Ligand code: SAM
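Form predicted alone, single chain, as structure tokens, below.
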Amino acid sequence: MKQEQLVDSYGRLIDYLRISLTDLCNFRCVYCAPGKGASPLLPSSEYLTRQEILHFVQIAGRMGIRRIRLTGGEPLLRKDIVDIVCALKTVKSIKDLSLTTNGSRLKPFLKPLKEAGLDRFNISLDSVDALRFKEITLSDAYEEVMDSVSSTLAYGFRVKLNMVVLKGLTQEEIIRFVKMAVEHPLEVRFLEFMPLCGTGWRPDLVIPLKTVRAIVNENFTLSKLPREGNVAESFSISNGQGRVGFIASLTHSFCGECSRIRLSADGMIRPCLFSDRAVSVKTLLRGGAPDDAIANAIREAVGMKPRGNSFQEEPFSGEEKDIDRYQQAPLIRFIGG
């Protein structure tokens, strides 16, 4: 039997699924959920159960999904996180299973997650300065996160460090980040701040990544690596063990290469980070609907994936006019059906 492939209406192959396990988080990052005005949390009864997530992935895997990333909130706040990883590793069609975490609670989970078969981690690390880290995350967990990074590498996991670039970032700190990739076998990824979640969107904090790239290029010799459908432009570093990557969502959109859909913690299939369109599968999963009905919901969501977000046609420049233009921008803006 020929393997089904998920292809959206713009010809993009969809093989990557991000699964949010919870909207709970123990950080209150200024770019996501600052203390004042944080989004209301879902009751735990609204979260998909482990079995519901597994059932969804089994169907999605038969339809061509090959890569999964577990996200949150902070996914390590799910008490059954290890059991979820164990369950998903039984789905043979899934070739890569990763987890995004803020790293503050990670160290005790490393051994059980290694035994469960998790492939790799994305660890959020928005500063290598303890004081600035606290200002961004409203957390005192800097030492725990740094310890988790070292321990994760020691366990043999592949690691990507994600740092959101915000006003106040210095040239010295950029260089310190890249030196981590020189000295360790990990990828440091610089991400433009974008209006995706929570109440933290402030366009005046955006630094276009061309500024960061210029500093990196002045201080290191980089060689471009094949993109292979990844959102980051990645580079090897001369005489370095690791890599550096850039994700310029506002100034250089990667929508044309996007291969992702998302499953929210409460069972909504979202075809785009920037789109408010979604298809609910929670009722289907809980009501004993046939697999074909769930597969059709996945196809429906893929079919409504937009061509791109508003920044694709009007890239953010960082100039005063753009700050004003996007000051009141809704979190969700997209182009195409």
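Since the structure is predicted, the reported quantities are computational estimates derived from the model, not experimental observations. Note that residue numbering follows the sequence shown and begins at 1.
Same protein, other form: the form predicted together with ligand SAM, not shown, and the subject of what follows.
The chain is drawn here without ligand SAM; in the predicted complex, the stretch among 98-106, 178-186, 146-154, 211-219 whose residues come within 4.5 Å of it by any heavy atom is 98-106. With the partner removed from view, the residue among 81, 159, 265, 191 that has a non-hydrogen atom within 4.5 Å of ligand SAM in the predicted complex turns out to be 191.
None of 127, 234, 71, 253 but one reaches within 4.5 angstroms of ligand SAM in the predicted complex through a heavy atom, and that residue is 71. Within 4.5 Å of some heavy atom of ligand SAM in the predicted complex lies at least one heavy atom of residue 164. Using a 4.5 Å cutoff between non-hydrogen atoms, residue 297 does not count as a contact of ligand SAM in the predicted complex. In the predicted complex, none of the heavy atoms of residue 272 sits within 4.5 Å of a heavy atom of ligand SAM. Not displayed here, ligand SAM is approached by residue 31 to within 4.5 Å at the level of heavy atoms in the predicted complex.
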